[in-house]
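Presented below, as C-alpha cells, is a lone chain in the form predicted on its own.
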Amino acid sequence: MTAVAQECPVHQGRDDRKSAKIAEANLAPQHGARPVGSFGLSRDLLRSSKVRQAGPAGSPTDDAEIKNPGEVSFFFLDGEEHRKRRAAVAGLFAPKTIVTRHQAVMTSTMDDIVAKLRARGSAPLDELSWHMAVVVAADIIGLTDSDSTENLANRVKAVLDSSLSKSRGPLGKVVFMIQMLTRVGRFWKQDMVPAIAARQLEPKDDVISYMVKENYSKKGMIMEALSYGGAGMMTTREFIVMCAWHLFEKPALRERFLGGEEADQFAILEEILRLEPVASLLHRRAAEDIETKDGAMVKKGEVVAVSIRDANTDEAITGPCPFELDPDRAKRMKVVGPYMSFSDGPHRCPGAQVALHETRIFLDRLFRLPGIRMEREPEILWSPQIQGYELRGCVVACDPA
C-alpha cells in the first residue's frame, strides 16, 4: 500500500517523512551522551576545533587519543593529521573533477544498469543503486583492477556487512573474527593487491595511488579503502532508493524533477535528504571546555549526541512546516540545501557532491524509461550500528527493450 503523507500533529502542514517512525523508535545515543537537537548549537559544536569524534566502544574513535594514525582512516582522525590527509585527496571530490571525470563514469554505469533492467523487465532497486554506488566509489578509490565489478561489489558488501554485525558470547566473537579475517583477506588479495600493483607501475589520480606514494601499511590501506567504501557506497545506495520512493509517489514532484534544470533537481534531492538523512546521530567529545555563541556550555570530556534529524527540522532554520517536502525551502531560508545531512565542520562528508550527482543522474535516467513503475515498496529496516535506515525489497519495472 502506498504511504500517504500524514498531517503533522504539532506543526501545520504535512509530514512527508518516511523514516521518522522507525528512527524515533530506534535512535539510541551513546550512554551518558548529552542530546543536542537545535540547528545552531549542532553547527557550532561540529565546527568547533575543541571537539573530537566520539565513536561507540571498539570503534577507531573510541579512545581520546589514537595510538597509530597511520593505520586509521582519515575519516576517524582529528586536527592537523586529518586536515593534511583530507587535503591530499580533496581534488578527487572537487566540482571540476566531478564534471570532467566522475560524470562519465556515472553515465556509462547507468547505461549498463538501464540495459540490464530493460532486458530483465524488473529488478530490486537497492541492487541497482548499489551497483552505481560501487562503481563510482571504486573509481575514486582506485579499485579498478578486480576480476569484475560484480565480484568487487559482493566482496566489499561482505566485509562491510561483517563489520556492522554484532556477535555475542565468546564463541560468537571467535566466529566473527574468523569470518571477518576471511572476507578481508579475499578483498585484499583479489581487489587491493592488483590495484596496488597497477598503481606502482602507473600512478593515477585516486586514493590507492596516494597511499602507494605515501607508503601506507597493508592495514592502513585496507582501513582507508573500506572507510571510503562504507561512506561512498552504503549511504548512497539508501539515498537513491529513498529519493526514488518519494518521486514514484509524488507525480507533481516527479514531473518537476524531470522538467527542471540541474539546480532544481539538486534542490529536490537535497530537500528529500533533509527530511530523510541516512545517518541520524553524530557523537563528539569536548577536548576542553566549550562555550558556544548562544552561551551553551560543554565541559571537557563531555560527549554530545548531535541529532541530524532534529537539527534538520528546527523551525528556527527551516521556517514553518518543517516536516513538509518543499524544494524551495533552502533557497527561501538561504541555507545549504541538505542542512546537516552531510554533517558540518572539518568532518563534513567530502563526497557530498559526488553522491548528489550520481543520484541525480541515476534518477533522471530511471524515470525516463518507458513504463517505469514501482511494483513493490521498500521495507524500512534499521541498522543500530550506523544509527540509520536501510531500504530493502523495492522492485521497479519498465517496458522491455
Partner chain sequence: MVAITFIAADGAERTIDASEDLSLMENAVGNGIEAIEAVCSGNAYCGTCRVYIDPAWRGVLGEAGEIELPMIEAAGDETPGVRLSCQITVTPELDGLVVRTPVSQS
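Residue numbers count along the first chain shown, from 1. All values derive from a computational prediction rather than experimental measurement.
Keep in mind the form predicted in complex with the partner chain is missing from the figure; the text below concerns it.
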Check your understanding: Any chance E80, G91 and D344 all have a heavy atom within 4.5 Å of the partner chain in the model of the complex?
Key -> yes
Study note, to complete from the structure: As a check of understanding, the residue in K334, R373, R368, H31 with any heavy atom within 4.5 Å of the partner chain in the model of the complex should be identified as K334
Exercise for review: Could you spot which one of K157, R101, R86, R256 gets a heavy atom to within 4.5 Å of the partner chain in the model of the complex?
Suggested key: R86
Study note, to complete from the structure: For the partner chain in the model of the complex, the stretch among 189 to 197, 233 to 241, 127 to 135, 93 to 101 with residues bearing a heavy atom within 4.5 Å is 93 to 101
Check your understanding: If you check in the model of the complex, is R47 within 4.5 Å of the partner chain, heavy atoms only?
Key -> yes
Check your understanding: Does the partner chain get within 4.5 angstroms of any non-hydrogen atom of Q353 in the model of the complex?
Key -> yes
Point to revise | the partner chain contact in the model of the complex: R43, any heavy atom under 4.5 Å | key: yes
